[in-house]
Ligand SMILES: Cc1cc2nc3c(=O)[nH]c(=O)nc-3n(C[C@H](O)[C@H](O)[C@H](O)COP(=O)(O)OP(=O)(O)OC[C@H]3O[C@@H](n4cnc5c(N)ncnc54)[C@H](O)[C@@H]3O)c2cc1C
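Before any questions on binding or motion, here is one chain by itself as structure tokens, the form predicted alone.
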Amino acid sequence: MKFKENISLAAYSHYKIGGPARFFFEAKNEREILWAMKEAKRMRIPVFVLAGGTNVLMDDKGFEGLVLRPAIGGVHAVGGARKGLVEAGAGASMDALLAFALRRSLAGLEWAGGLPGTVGGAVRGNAGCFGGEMKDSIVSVRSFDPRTMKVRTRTVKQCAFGYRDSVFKRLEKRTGGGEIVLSAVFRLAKGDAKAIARAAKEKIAYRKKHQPLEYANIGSMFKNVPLEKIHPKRSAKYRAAVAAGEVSYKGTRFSVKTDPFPVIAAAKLIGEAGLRGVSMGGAMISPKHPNFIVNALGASSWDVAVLMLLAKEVVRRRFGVRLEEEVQMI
């Protein structure tokens, strides 16, 4: 085994943006992950773990270290078919996981219809939409701890999932490294195959209609904003907004949706701030869905970063709300 050198990260990004990785390694099993981490330690180089490249903005300058891509695939039933337990490798695509569930008439992941990326990345960020989240079905997660060089298993409670967050994500911030998700076990429920397929197809159709999938993108750039950032959670205005499903704020009416708690859409904030269609270089804030910054014409990472900063500042000035990035930047 050996690392590849000077590999373009743009080739592994849904954005088609990114410079070269000094070293690159695709690990097909846990043994190869252990080897790669030991080698990186020996060489004293930083490591970035790249999942599906669907939620990451990679710098045009590249990465002066090792980009490790866990490619542990496979989806299979565990503990007998009646239990509804399914295990998926971190490198398996969300499409593959959902397809397996559909073939077995297992319900619980319909919300993920059309969701790009891998299981590992979705677990790390507790991906969610349409009122569902990864944590809703997860039983346990296996991960590799670079500090101890050992594999550990966490229950869903120990994963401490939050809104687009998890213990794995928080460990990265605290330690600068974090753990590498290897696999996850999901508990799904037996359901009607036609109803499951129909629900998943509805989500796919919604994405095609409302998201700028005709352009290279990395999904929503910012997290939706909790309603409590607008009105205190215990206030009468908060309760009224939740009951009505909408709120009037600074001259604009916003829908209030559950995601999985009451929020207002970042896309609406950006759109109402007048930023639809604003561009920088080859990047553009999508007129179709303003929480997407698309690669419209050979954008650079700098182009995207400038538009992100612009959106944050204009929304802050217009609405007094601070947008929080959902994407990861390296």
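Since this is a predicted model, take the numbers as computed values, not measurements. Residues carry their position along the shown sequence, with the first being 1.
Only in words, not in the display: the form predicted in complex with the ligand, which the text now covers.
- Looking at 123-131, 95-103, 198-206, 247-255, the stretch with residues near the ligand in the predicted complex, meaning non-hydrogen atoms within 4.5 angstroms, turns out to be 123-131.
- Put simply, residue 300 is far from the ligand in the predicted complex: not one heavy atom of it is within 4.5 Å.
- Remark: residue 164 counts among the residues lining the ligand in the predicted complex, judged by a heavy atom distance of 4.5 Å or less.
- Although the partner is absent here, residue 180 is a contact residue: one of its heavy atoms lies within 4.5 angstroms of the ligand in the predicted complex.
- Contact check for residue 193: every heavy atom lies farther than 4.5 Å from the ligand in the predicted complex.
- Checking 294, 264, 27, 51 for any heavy atom within 4.5 Å of the ligand in the predicted complex turns up a single hit: 51.
- Proximity to the ligand in the predicted complex, defined as a heavy atom within 4.5 Å, singles out one entry of 67, 283, 56, 269, which is 56.
- Scanning 1-18 for heavy atoms within 4.5 Å of the ligand in the predicted complex gives just one residue, 14.
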